[in-house]
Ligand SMILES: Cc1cc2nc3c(=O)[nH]c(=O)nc-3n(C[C@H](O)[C@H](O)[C@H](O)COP(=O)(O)O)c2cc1C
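Next up is one chain by itself, shown in structure tokens, the form predicted on its own.
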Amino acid sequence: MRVLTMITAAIMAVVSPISCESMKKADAETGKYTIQDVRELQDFLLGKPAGSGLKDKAYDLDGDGKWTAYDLCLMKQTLADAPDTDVLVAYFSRTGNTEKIAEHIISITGADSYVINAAVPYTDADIRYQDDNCRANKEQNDKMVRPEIAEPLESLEKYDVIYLGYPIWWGEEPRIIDTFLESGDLSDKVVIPFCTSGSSGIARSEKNIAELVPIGAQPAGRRFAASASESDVQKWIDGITIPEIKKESVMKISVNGTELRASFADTKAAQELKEKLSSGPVTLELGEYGGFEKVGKLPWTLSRTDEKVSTEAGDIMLYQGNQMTIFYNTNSWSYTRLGVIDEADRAKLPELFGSGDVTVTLSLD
């Protein structure tokens, strides 16, 4: 709180309150705000260039006719108190046209927002269509180009539905959209494209998106003119049927303060283990064996379908029906498969399991 107060004071010291009589008065109880709103108001108070249409924003939260740092604090608090959402609007907008549509979707759905900005921003010269050597021409002519994103999202895990917006460049999505698509796992997400253009349709970009990465479901997208109203967007959203995607349960393995993730095997024992963990976490003591595995007794006996296998680091096996073995190296023996630790976590195993006994906690995600 002290830091926030200092920041507020600093902004107030350099920015005098600005009259906003012609601007909409905010309803602090019903107003919907996003991270983008916080950025806009903060940039405005710091005297940075503001986007078009800023005069129509409901940023006077305390109703005193001015935009001040106190309004910024109220906005941040409103955002913090807002219910969590599993919907994200991610968009790239070079000229602001796609941003307008994205803001309508955010207003209608209450979604979180994420602006896909290029690490090297696109200049006017970069998108001068008449110049064959301009940056955008070169990128669109090479499907392997992946422009770097300035501030990549750390994770898409919390989102089930992603509205993905972009302008149409030469009949397709800009290559930076491909960068975004390849940066996260969308196999259990609903991705809904939307775009803006002068005349080109969305079909080619939809096809490209569907073929680029595994996506859980991709309902039909929509192309909008830059002048589209919020009611136009509302009608489109009202007509979308969001399919339900069944997510596979993930086993979480906590060891020495590190959390590993694992997928369940397609065995009866794995299904039984999943059902047991649905009642709550289970803690096991695993002892060292052979310099390649950790093994410990389970609180239950699971169904055995043993087969002779050559294990690899990350394999989780059932041994003798009532013991679980986690491998951090290789071995050959008869086991029943329970699961496998995600590839991204396997490099951690030797350090986590390489010496002595360990305590692990199993749970479901």
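If you're wondering where the values come from, they're calculated on a predicted model, not measured in any experiment. A residue's number is simply how far along the shown sequence it sits, counting from 1.
Just so you know, the form predicted together with the named molecule exists too; it's not on screen, but the next bit is about it.
Check all three, F264, T336 and G339, heavy atom within 4.5 Å of the named molecule in the model of the complex: The answer is no: none of the three residues contacts the partner (heavy atom, 4.5 Å cut-off).
Could you tell me which of 129 to 137, 210 to 218, 279 to 287, 183 to 191 sits within 4.5 Å of the named molecule in the model of the complex, going by non-hydrogen atoms? Among the listed stretches, the partner-contacting one is 129 to 137.
I'd like to know whether S200 contacts the named molecule in the model of the complex, with contact meaning heavy atoms within 4.5 angstroms. The answer is yes: S200 has a heavy atom within 4.5 Å of the named molecule.
Taking heavy atoms only, is F292 within 4.5 angstroms of the named molecule in the model of the complex? Close contact is absent here: in the model of the complex, F292 is far from the named molecule, nothing within 4.5 Å, heavy atoms only.
Please run the contact check for T95 against the named molecule in the model of the complex: heavy atoms, 4.5 angstroms, yes or no? Yes, contact at 4.5 Å.
Is there a non-hydrogen atom of G171 within 4.5 angstroms of a non-hydrogen atom of the named molecule in the model of the complex? Within the cut-off, so yes.
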